[in-house]
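Take a look at this one chain, the form predicted on its own, written out in structure tokens.
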């Protein structure tokens, strides 16, 4: 009789779970990526192909995943399709920085490859309006190398404690990082500019690429005409592929115009892999740099890699019907977070992937540059972005960071340990929202954090 009751109970449990998901799905914002949305809350939540891909595209995505996961090697050691690493590099694989397609944390061991890199430049701009590369070092520090070449320098990080005190006497101590390059293979210039960048999550990138330029520009208010203290503006980077300036979408300062170029640049700069867009070895300018003239990544591999990055599905928002989450969502708007972290947009027509087109999405970004104040400044311009400006990072999937990557390190270099610290780093255009957050009572702050955890 006990077994019969158990048998009868199973369909009831399944039905209850199904009803709960159906009710949850009817709440606005659950489908973060529109029809591409993935319903998974495990450590693999960032790893699934978009939910609405055709069978052919889903198979292509799975095949392309191998390139993203592959560890590249120097020379023809294991597989001629995956050699070419170096001569200088930051990591040996894409997944080494983006573990399970997630965000990296600041390194605990600076002698091992990590998901943190340092952009470099000197005073001035290049022929295309971008940062001027450092002679002998290029535009990015490669602090690892193959045996035949020199690593460019070692990275050293120190921290300065900064206290934030709330009206209710709560004290939060932030850690401001300072980056220093040591043991450089040649002297670094006195006017060196550096910018730390942490690897961010992969899901949803194709949807951001599918946003029309008009949709992005709709939110521009460069001269703050509405007097709300927010004056977002678009960046325009140089497209190597198309040979012209185009609206920037990707990277921490929105300086890269497409996922193909973002992918090609990462392969070249992060791993030293030449390709059709960046055909020169990343050691150009060094005396012992040797270019064999062979592209390490074929055009087909680059396109597969790009397709993979374009079609990783966004995980659904969770618990959107919960009263505490709903309260936090109201407070998110009330204190002004939504002025930069715009909740929803609609994609346009993606040029090659129909599944990404015409989707109502909830990325919580405006894709624009904002002055975030002196404490977050890298003082390194990047095309139109000043040394204080950063692109509003999307928030979708952010609540699963702990599950996927075992940490919640946020901001452009991972300095914020959790959501509250991230809010407290907001100054410049974000200072009004930060001050409003600090004025909230404890239960209200908890509700706002609960909302962020639900995304």
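Only a predicted model underlies this, so the values are computations on that prediction, with no experimental measurement involved. Positions refer to the first chain, counted from 1.
One more form of this protein, predicted in complex with a small molecule, exists but is not displayed; see below.
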Is the small molecule in the predicted complex close enough to 90, 332 and 422 that every residue in that trio has a heavy atom within 4.5 angstroms of it? yes
Spot the stretch among 316-324, 262-270, 219-227, 180-188 with residues whose non-hydrogen atoms come within 4.5 Å of the small molecule in the predicted complex. 262-270
Would residue 336 count as touching the small molecule in the predicted complex under a 4.5 Å heavy atom rule? yes
In the predicted complex, is there a heavy atom of the small molecule that lies within 4.5 Å of any heavy atom of residue 114, even though the partner is absent here? yes
Consider residue 200 of the chain shown here, and say whether it contacts the small molecule in the predicted complex, taking contact as heavy atoms within 4.5 Å. yes
With the partner left out of view, is residue 27 within 4.5 angstroms of the small molecule in the predicted complex by any non-hydrogen atom? no
From the list 82, 252, 383, 137, which entry has a heavy atom within 4.5 Å of the small molecule in the predicted complex? 252
Which residue, 430, 399, 34, 49, is the contact with the small molecule in the predicted complex, using a 4.5 Å heavy atom cutoff? 430
